[in-house]
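Only one chain is included here, represented as structure tokens and corresponding to the form predicted alone.
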């Protein structure tokens, strides 16, 4: 009888071991970035709630997969789950990049409204690539970093400008600057080598890359509120037990709420950090803001001419 009981226990143990899953999760940003901190907490909650049946190892700062390759790595099942900057995909479909269109959504309230309109559309687009979006978290509103005070758009002419997606490349070019694609982790080196001289990014990225080491002025122009997104491979998700699926979805919903709160806190905390480290933080002049918004209008008009019906549907829903 004891022998039978021992065999039964061994079978149960083997069964529980067999269903345990270990996922790798590449992310583009460093451990100090609030996006990464939020994702680490998400992974911890999944592991604890599942009693170790699903463990997610976070590989931050592009250490496992480079940023530009993360989406396809998840799609191709090289990894099961990953995070990336959503508007990087705008060349695939403009629907992915509506949150990076200049001066469309410039506040957290507008960003939340835009995400509500965007989410069902990109969920369908991702489904065609066997991907499932789990949650999305915004960066703080984007501001302008320069070495000297910028009073008008004309002051940007000829500057080597850091870009991180197609929309910002076009925005910089229309401002007369020379855009260059540079990842967040490479910002200090890009400035120190003269590859770039100015940038538009969040106060979070500015503080995390110690922008005060290479520029002196920051202007919160609040040009847009872009988002990161976490996606999971559909086959990997479908292979989970229903209980584990529910745990992942619940943890994802919690991470989205927590991430938005963290982003709002970042705006004030990191802007203060810029000031504390000697940067001149000042509101944009009316002339500068007017000129930048004029570029935004031109970009939106051009965008409407080439955007997909899905993308236009997002803006229509947002404007209602």
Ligand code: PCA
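Predicted model only: the values in this text are computed from it and were never measured. Residue numbers count along the first chain shown, from 1.
Although it is not shown, the form predicted in complex with pyroglutamic acid (PCA) is what the next lines describe.
Just one listed stretch, out of 156 to 164, 233 to 241, 76 to 84, 190 to 198, contacts pyroglutamic acid (PCA) in the model of the complex at the 4.5 Å heavy atom level, and that stretch is 156 to 164. Interface membership of residue 150, defined by any non-hydrogen atom within 4.5 Å of pyroglutamic acid (PCA) in the model of the complex, is ruled out. Using a 4.5 Å cutoff between non-hydrogen atoms, residue 137 does not count as a contact of pyroglutamic acid (PCA) in the model of the complex. In the model of the complex, pyroglutamic acid (PCA) sits beyond 4.5 Å of every heavy atom of residue 102. When contacts are judged by a 4.5 Å heavy atom cut-off, residue 97 does not count as touching pyroglutamic acid (PCA) in the model of the complex. Heavy atoms of no residue among 144, 171 and 296 are located within 4.5 Å of pyroglutamic acid (PCA) in the model of the complex.
Distance criterion of 4.5 Å from any heavy atom to pyroglutamic acid (PCA) in the model of the complex singles out 184 from the list 111, 122, 177, 184. Contact annotation for 202 to 224: residues with any non-hydrogen atom within 4.5 angstroms of pyroglutamic acid (PCA) in the model of the complex are 202, 205, listed in sequence order.
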